[in-house]
Every structure is written in structure tokens, then in C-alpha cells.
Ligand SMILES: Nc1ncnc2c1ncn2[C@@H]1O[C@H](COP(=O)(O)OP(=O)(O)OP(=O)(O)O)[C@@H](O)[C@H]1O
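Presented as C-alpha cells, the chain that follows is alone, the form predicted on its own.
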């Protein structure tokens, strides 16, 4: 199915998200839509998929002008979108989510639909238990479920919005194989991303957006420098981990044991010094998140001790960890970190409460404006967080962390951020380490782990081994994440 967008305009208050965008996507191709955070990519695709109505412009499918008033109408005409955060119902089972949007049946034949789910999943090498609850799935598995659901509904144009921001390397490879297979079968795939290497390796053609406008188009393989210039107007330099003199121990884990319904981490001992950056690597669900949450006071260990700056914090409530100057940033932005229906200024008021019972709104707005400038958030103090792009929500989460913490605990700190934003954020984080802040962070990006960490704790099935990044290669890290050395 051929897709054409002509002179698309979309404004949110004072923000012009799409400013006269025109592009054409040939049928049966894998087309990349590249741009920095806030460039207008997600807004444009929400217009194409019926989630938003354009202020002005035209959508054409196979040379026919169409108009969607809802995502259901778009799906009925063959256009479906996989959002950065999958739109599913975690409390329901996989089969129930698979049936969402399906034509109503007087008597539901669950056995038939389970067979249909299995056929589609097996076709792409996905493993989905129809009776499992969606809350038990990883982000990658939830994406797989949404892909097969859309295909079952007859979608011919599949839009994927930043699909690799929170999935493992193995899940990313599985996703890419599925997308290539879809184009071979004649489907049109639009791959929205800010990651140059993924777009270059996967797509046959790319359209670049910046500030709500098309700044260029290129066939692959276009030189990376040219794509960067289209995105940012300049060539960017990538920084490395700076040398920091390590200080006293900030975090000490002594024979720590933790567990959830999936696995158990046993007898973990780890010491992190002031100014040190330790990356946590491993397949999703290998235990790294359990450790991070325990260090933040959100999960009580079944055995062992947690010491923060020589103070025993084992079993203490979350508030005590906050008062001990521990900053924690979760991966689930809108589920755990932010409140979609509140503004940026209201988030500042929540996190910077003073002794007074009353909120100083003038001060909250001033501080929100300051954080917006410092973290380059594309919004205003009165902007609702739910209306921000995924990358700007990530910057907002980072802006709410303590200004000079003893320990920062972060799940995927640069998830969804473009190159320029990633470099800027890591410069801020490295400045904190120069002041003595210790950092533990989870990442699914092996290059980020090697470039930004002093040491890497590699998790595999609840077991942990340490790797010094000095002299380590991507191959070494990949083998360890896959289980080498844990025999």
C-alpha cells in the first residue's frame, strides 16, 4: 500500500509539532523516519494512524484521499501503529488483548483465536503464551503481541514508533527479522527512530525531520555524517567516560538475596565508591532491576545487608532512602515516574516540597522553567507531561532527580533520547560523578555500557559476575550477557 502525506500541519497550543510535512512511502518497503526528540515524528504518525486529526493537510492511500476519525477507522483501512509504550491491558491475558478490536462474535470461539494467535506468532518466531497475563511479559513480548494483533486485523501499513528503546539485543534482532519478513510479504513498514545505526541497517530509504519539517530524504546507504547534519544541522562528537578519582564507599551490598515471581538473586556482594559508574547488563528479567529497586528501598531483601555511606539501610522505608540522598529513575515513565495529567510545574512542586503546608506556585513555575532550559525539554511549565514526546518525558524524569545525590539509580537513563540529548545527559551525569555521586544504571545498549561505565555487573539467571571495561570489547560483553562464564 502506497502512503502519501501532503502538507500536514499539527499544532499543540504554542508548539508547532508538524509544519507542512510532505512525504511519500512506496508499497512493500521499509521506510525510516528519523529525527531528534521533539522533531514531530510521533505526532505525524499519530495523524497517519487516526490517533490525531491534522489541522491541515491530506492523507492518501494507494492514490485515494482518506480521512480517519479514530484508530479503529485507520485499522479498518489497513493502517496500524505500534506505539513506543504498547497500548495494551496488563491485567488481561494475552489472548484477551489479541482479541481487542476484532469483529464482534455472538459466540466467541476462543480455540480458533488461540490457534490464529499461535500461527501468527510462530510465523515470526515469537513465543506467546495465550493464557499468560500481559503484566508478566517483557516490553519486547508486548510489542510482539501488538504486531500479531494488528496483522490479524488485516493491517497492510505497520508503523513502529521507537520500538527498540526498552528491549534487549536478542529481542531487537527478532523484531528486525520480523519486519524484513513483512516487507517481503508486501507489507509497508514505517520505522520511526532517532537511532542512526538501526535505520541504516534496516531501511531502504529514510526521511529526516527537524523542528516539525522535512529536512532531507536519502536512500541507504547514506553516509552517517549527512544524516546527522539533516537531524541537527551539524556533526556531533561522541564523548567518553572521563577519569574520576574514586572516593569512599557509597553503596555496599553484603551477601544480598532478592527474589520475585520469576527468579532469585543470591549472595550478591558489591561495593560502589563515590564517583564510580557501574553499569548493569543482562537479558531483561535477569535480576538487575531487582537489585536496583532494593538499593532504592522499593524492595526488601530476603537476606543480606544494604549500606549507604556506612549507614545500614536494610529494611528501611523508601522515604528514608530519599532522605539519604538516593535518586531513583524507573524505566516505566508514565506508570511509575510521571503523572500524565499533571503539568511540569506541578511535578516540580511535588518533588521539591518545602516545610510549608502551602505550595509556592510562583517558585514552582520558576524552577520548572529553569529545569526546562537545563534539560532542553520541549514544553512549558503549564504543559501536561502526557502531551510530551517520549524523549521529552525522559528528560523530565531526569530533571526531577536530586541535584546533588550521593547515589543515582537509573533504569535505561537515555531510553528514547537522540544522540545530542544522550551526550548532553551524560555530560551532566559525569559532572555529578566529579562531585562524588556514585551511579548504577541499567542499559540494553552494550556500547553505552562499555563507554560510560567503570565496571559492568553482568546478570544471567540471577547470577552476577563483574567485568572491567578497560580492554573489554562488545564481543566480550555480548558473550557474557549470553551466559558465557556462568557455567
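Here the structure is a predicted model, which means the values were calculated and not measured. Positions refer to the first chain, counted from 1.
Only in words, not in the display: the form predicted together with this ligand, which the text now covers.
Here is the short version: of 50, 54, 446, 40, the single residue with a heavy atom within 4.5 Å of this ligand in the model of the complex is 40. When this ligand is considered in the model of the complex, only one residue from 162, 88, 411, 141 comes within 4.5 Å through any heavy atom, namely 162. Contact annotation for the candidate site: 14, 194 and 390 all lie close to this ligand in the model of the complex (heavy atom within 4.5 Å). Residues of just one listed stretch (217-225, 146-154, 380-388, 269-277) have heavy atoms within 4.5 Å of this ligand in the model of the complex: 380-388. Of the heavy atoms in residue 416, some are within 4.5 Å of this ligand in the model of the complex. In comparison with the shown form, the Cα-Cα distance of residue 281 and residue 192 decreases by at least 3 angstroms in the model of the complex. In contrast to the form presented, in the model of the complex the C-alpha positions of residue 210 and residue 394 spread farther apart by 3 Å or more.
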